[in-house]
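One chain is shown next in structure tokens, namely the form predicted alone.
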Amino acid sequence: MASCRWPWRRCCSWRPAARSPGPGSPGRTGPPGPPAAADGGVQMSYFNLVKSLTSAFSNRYSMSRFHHTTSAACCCSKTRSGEKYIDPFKLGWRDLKDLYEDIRKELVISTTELKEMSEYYFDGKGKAFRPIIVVLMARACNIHHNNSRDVQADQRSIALIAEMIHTASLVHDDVIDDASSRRGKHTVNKIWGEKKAVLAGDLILSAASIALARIGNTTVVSILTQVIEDLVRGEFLQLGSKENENERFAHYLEKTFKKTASLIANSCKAVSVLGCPDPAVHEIAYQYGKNVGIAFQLIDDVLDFTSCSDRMGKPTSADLKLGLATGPVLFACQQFPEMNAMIMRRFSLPGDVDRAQQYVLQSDGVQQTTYLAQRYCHEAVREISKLRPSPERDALIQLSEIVLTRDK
């Protein structure tokens, strides 16, 4: 059984022997590091590349050294621009006052039941992780461009739209997964039924689309509509699986990007487009969001094995019960090859879920997935550090640490 607390500290502050190339272009979701070749000139499998990178990382640096050793990612004393630690959430909330009230105003609905369903998750109890990143990125890009410390109204609208798209995806995901709890309470589909829940998710998406159209910037509209396409494609990827175990990790990371990281990456890019004309800044914003987003989901997949249900607000081992092989499972499979058959049958036989969970906890799957998340966060820090120093830029650096050390 998974323990309620994971005993060692996750941290992205590590000092590499030499800087490696980052995850790469916007379309690529692979791990940091260059392609490698196996003996005989045959290209190393994608999974083995990931494994070799994370294994080298874990062997080179012991757990006792996973503390704040570089100024780039340090968040316990001072950041690069000399500012003392500022809670990114407190800093971001300056621009997000009345966030959920403003979202509810976008949901102009005359039907009482549909209005209640659509507003159900906008109760102010969420972390607002995505809106926080968006407004911090907006300020960081504005300061970098012309030292403006104000968030534009359209940039703030992107924060609202991002949260609306995210919430609509949660409503739809809960229907697909037949989930019964979310954020510590019953899901929309369990209270009102699946058919009505689908319609509520659609309504939230339509309200987000109307708010997006009001911004009137065709580039921004194009950027954020890509998110909706990625969400659908990501869900289709999740419904399938790869027979070839060497293709599974690439499949998993592509799904992770489309379902989680695309929204963060493209929302960050959208506010950078509104605040700065420089394409290089747009790419920095996108790459930061992409890398933090992938790391966020990797840690989420770790927590599915190491955290308690009451802390997560939803049942743990949920992915296994849905037949999903996430990072910890794919890494564990290298030590316990008998898991391959379980993966292909999507843990559908009696006892599969419990056995797979035990295999994961007996393996280094959790550690290897966490090492990979650390590499993505390190790359996010490397990207955002290219912007002019500001409290908001430093808060984004600190946010990458929070992604790794969260326990729910």
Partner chain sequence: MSLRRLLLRLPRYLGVSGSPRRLWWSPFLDTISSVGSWRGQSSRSPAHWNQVVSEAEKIVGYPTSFMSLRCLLSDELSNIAMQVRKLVGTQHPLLTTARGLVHESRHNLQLRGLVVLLISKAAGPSSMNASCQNYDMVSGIYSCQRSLAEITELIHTALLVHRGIVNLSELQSSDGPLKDMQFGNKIAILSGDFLLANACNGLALLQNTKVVELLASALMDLVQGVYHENSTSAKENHITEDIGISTWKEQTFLSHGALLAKSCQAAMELAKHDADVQDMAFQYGKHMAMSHKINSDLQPFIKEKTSDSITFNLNSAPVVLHQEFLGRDLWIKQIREAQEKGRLDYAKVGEALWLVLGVVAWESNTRSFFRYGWMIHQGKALEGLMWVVKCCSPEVTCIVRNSWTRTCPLAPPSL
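All values reported here derive from a predicted model rather than from experimental measurement. Numbering follows the first chain given and starts at 1.
Only in words, not in the display: the form predicted together with its partner chain, which the text now covers.
Note on the partner interface in the model of the complex: the residue among Ser209, Ser157, Thr306, Ser317 having a heavy atom within 4.5 angstroms of its partner chain is Ser209.
Among the residues Asp300, Glu283, Asp95, Glu106, the one placing a heavy atom within 4.5 Å of its partner chain in the model of the complex is Glu106.
Stretch-level contact check against its partner chain in the model of the complex with heavy atoms at 4.5 Å: of 129-137, 193-201, 146-154, 327-335, the positive one is 193-201.
Taking non-hydrogen atoms only, Arg248 never approaches its partner chain to within 4.5 angstroms in the model of the complex. Mapping the unseen interface onto this chain, His172 counts among the residues with a heavy atom inside 4.5 Å of its partner chain in the model of the complex.
Proximity of Lys185 to its partner chain in the model of the complex falls outside the 4.5 Å heavy atom cutoff. In the model of the complex, its partner chain lies farther than 4.5 Å from every heavy atom of Lys90. Shown here without its partner, the chain carries Leu361, Glu383 and Glu401, none of which come within 4.5 Å of its partner chain in the model of the complex through any heavy atom. Along 196-231, a non-hydrogen atom within 4.5 Å of its partner chain in the model of the complex is carried by Lys196, Val198, Leu199, Asp202, Leu203, Leu205, Ser206, Ala207, Ser209, Ile210, Ala213, Arg214, Gly216, Asn217, Thr218, Val221, Ser222, Thr225, Ile228, Glu229, in order along the sequence.
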